[in-house]
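Only one chain is shown below, in structure tokens, and it's the form predicted alone.
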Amino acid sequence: MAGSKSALVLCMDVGFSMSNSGPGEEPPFELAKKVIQKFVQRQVFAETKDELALVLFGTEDTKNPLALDRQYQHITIHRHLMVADFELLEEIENQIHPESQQADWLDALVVCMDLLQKETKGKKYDRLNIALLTDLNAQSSSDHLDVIIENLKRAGITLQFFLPFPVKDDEEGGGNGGRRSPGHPGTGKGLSMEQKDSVDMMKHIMLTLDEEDGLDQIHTFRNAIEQLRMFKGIERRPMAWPCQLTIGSSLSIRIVGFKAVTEEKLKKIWATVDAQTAQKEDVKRETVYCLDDDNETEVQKDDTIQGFLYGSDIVPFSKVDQDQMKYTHDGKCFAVLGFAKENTVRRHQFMGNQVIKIFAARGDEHAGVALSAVIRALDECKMVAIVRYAYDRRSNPQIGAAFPCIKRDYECLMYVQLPFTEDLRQFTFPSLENNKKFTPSETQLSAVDSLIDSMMLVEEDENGEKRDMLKVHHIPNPAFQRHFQCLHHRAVCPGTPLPPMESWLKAALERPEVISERCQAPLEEMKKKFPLTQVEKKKKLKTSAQIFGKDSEVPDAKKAKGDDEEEEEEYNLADIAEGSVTSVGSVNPDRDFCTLIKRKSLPFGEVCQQLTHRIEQLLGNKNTHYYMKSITCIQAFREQSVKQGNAELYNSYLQSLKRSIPNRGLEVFWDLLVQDAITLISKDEVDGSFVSKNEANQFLVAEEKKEETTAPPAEDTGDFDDLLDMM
């Protein structure tokens, strides 16, 4: 029901007996503390509206409204009813410790009942509950036991007990209540007389409140920890989506849709706060828009508009343009476009992040009959409806398939989104059937079959019924669990390292042990039937530096991509040694070029123009040493162009350089450039490039020399002059 919430009182025993434990056993106090910690964690991260109170008994002090005339002593109301928060988690972690007194657990129960009745008066709760965590090892009086039970019934308060030992439902009463299974260690020895008497009274209370299932509400600490170890997801109320299912122009059925499956995402609630005060208000963020010029001239936000990057150009798009571009339709829609055979809608074509269940509108009998007829007709004919779906006027329409779903308790349509043409990825692979090299033998096929059989996640139980060994519906999202675990630790233990992932969560994601054991032999057989051989890598082609040697004066141009940090350090040292770089010099032109680009002291086009001038000067000497220096500059030109996302200047220069090679007699230089595989920048590397990957690969392929039929033309450098003017 909308707005429903519960009121719960956690009543924990902190008396001295809770600290007693046998050798190698964890004290009941620590187990009880883990139970309430994990329960409160779940409430905090699930963002529920349920209210919690915490009552401690066995404390040194006494703080409760019933403590008159030395009654209800050593019972403290630590926290009154309110929504769980991180403050409560911190208090549980740091303020709750074992104490040296004992208190009657029945008195503590009465204090909890009084707290619930007073603090819920005049408010609406759908459930009132008390959870009592104790070892029952204190003397209790049963004089008013019937009165307590009557008041619990009258107030509608449910009760739960959490104990360090299991309680059996047998005819021998509390005498056998101390039996412990091996998985539930208790205090290390048999129950005391006080515990036996308390077990009898507890059973009497629980069976009187609920004769059939009363004892089911008695749990052990360890079972509770196991059940509560998983963080509970944020509770979502089902949001109805009313619409009209239309078939043609004359048939309309009132429907309502609910999300059955949807991807759960963590709420993005990160905020930038001051590191010292941890307050959001102490940090102010200001956004300033500036022109990309030398002075970084500030521009008002009203003077800016959005721009769409189309190749190397930017197409300005105003807010009005964006509004006019949006697709407009009549609003929410669930219209049947036609029908198709169920087997034609392939599983791999399902897309989107949700599955919607479509029901007939509540209370509309005619809609129920009509939709039921559609669902059953689709089911009998093994068909699906192809529909046009739009959530509302603001959303883009989708195309999807509505599958019939008939269950014992209900029937509905299941809507799944289907792809448009642009969403499909078409891949062509060579056939494995017609290639003898990849045809497996019968023994190989048998080995694979055995492996699959051994790893089946379905097994038969004692009754011969099949059951799933890996229940995927019960596996939590490990990212969520780890996120909440770390948040809780950081909140209650600031400044300490984050804990490792909990072992149970790792185990939940692993292959079941029985499967691991069962598949060992088939895996060994697979290794024998499919032997692997090591393939030696082909020798890499030598670079020009390896062929001609590396001159000490020539900068190393063969740096691997990703050595940005080393380059950055090298440039900083060069700046210190050589002073401030203001232009591309002739000694280390590649280094000067990278330094100017990094500092952004000059426009990118102007720095590129200076570099190409230096390259032309170096190529004019026609010497291997200068050729190597030119290649270093070209490689730096390429790397910086990729980083800047500007491929036009580099590609234009390299294309012009290639055209001038025959006329300038630079064939030796071009061969060195080809050996280093320095080619054009393709659109795979920079979005603005107009060169495809195939064109970039073909760029360095040598062209067939044409027979010379005319006199050699004079050296033409017009292309370079035009390019430099363009820069």
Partner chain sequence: MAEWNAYYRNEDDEEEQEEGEQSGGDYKITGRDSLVFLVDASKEMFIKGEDGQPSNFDMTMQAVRSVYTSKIISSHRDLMALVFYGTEQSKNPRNSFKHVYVYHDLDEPGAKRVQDVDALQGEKGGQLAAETMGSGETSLGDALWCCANLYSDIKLRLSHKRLMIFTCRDEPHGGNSTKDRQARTKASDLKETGVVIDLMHLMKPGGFDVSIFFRDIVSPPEDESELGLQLEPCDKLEDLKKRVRAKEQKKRAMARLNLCLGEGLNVAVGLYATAVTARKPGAIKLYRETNEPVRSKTRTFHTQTGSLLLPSDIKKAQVYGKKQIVMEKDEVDAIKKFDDPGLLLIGFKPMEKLKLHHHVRPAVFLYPEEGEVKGSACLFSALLTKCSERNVFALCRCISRRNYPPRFVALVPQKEEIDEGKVQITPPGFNVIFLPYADDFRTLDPPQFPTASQTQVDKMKEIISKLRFRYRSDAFENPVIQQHYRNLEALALDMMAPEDVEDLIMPKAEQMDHRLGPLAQEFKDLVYPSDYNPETKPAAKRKTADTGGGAEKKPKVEVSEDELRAHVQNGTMGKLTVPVLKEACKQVGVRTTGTKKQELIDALIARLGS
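Positions refer to the first chain, counted from 1. Predicted, not measured: the structure shown is a model, and the values here were computed from it. Between two forms, the rigid core is defined as the largest C-alpha subset superposing within 1.5 Å.
Unshown form predicted together with the partner chain; subsequent notes refer to it.
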From 96, 619, 367, 191: within 4.5 Å of the partner chain in the predicted complex by heavy atoms is 367
Exactly one of 483, 613, 204, 600 comes within 4.5 Å of the partner chain in the predicted complex through a heavy atom, and that residue is 483
The stretch from 150-158, 129-137, 494-502, 70-78 that lies within 4.5 Å of the partner chain in the predicted complex, judged by heavy atoms, is 494-502
Partner proximity in the predicted complex: residue 403 to the partner chain, non-hydrogen atom cutoff 4.5 Å:
yes
### Query
Going by a heavy atom distance of 4.5 Å, is residue 645 a contact of the partner chain in the predicted complex?
no
Give a yes or no for residue 339: in the predicted complex, does one of its heavy atoms lie within 4.5 Å of a heavy atom belonging to the partner chain? yes
Can you tell me if residue 45 lies within 4.5 angstroms of the partner chain in the predicted complex, counting non-hydrogen atoms only? yes
- Task: State yes only if every one of 31, 65 and 463 has a non-hydrogen atom within 4.5 Å of the partner chain in the predicted complex; otherwise state no.
- Result: no
Restricting to 457-478, the residues within 4.5 Å of the partner chain in the predicted complex through any heavy atom are 457, 458, 466, 468, 470, 471, 472, 473, 474, 475, 476, 477, 478
Point to revise | residue 458 C-alpha moves between the shown form and the other one by 2 Å or more, core aligned | key: no
query: Superposing on the rigid core, does the Cα of residue 626 end up 2 Å or more away between the shown form and the other one?
result: yes
So that I can tell if residue 289 moves, could you say whether its C-alpha shifts by at least 2 Å between the shown form and the other one after the core superposition? yes
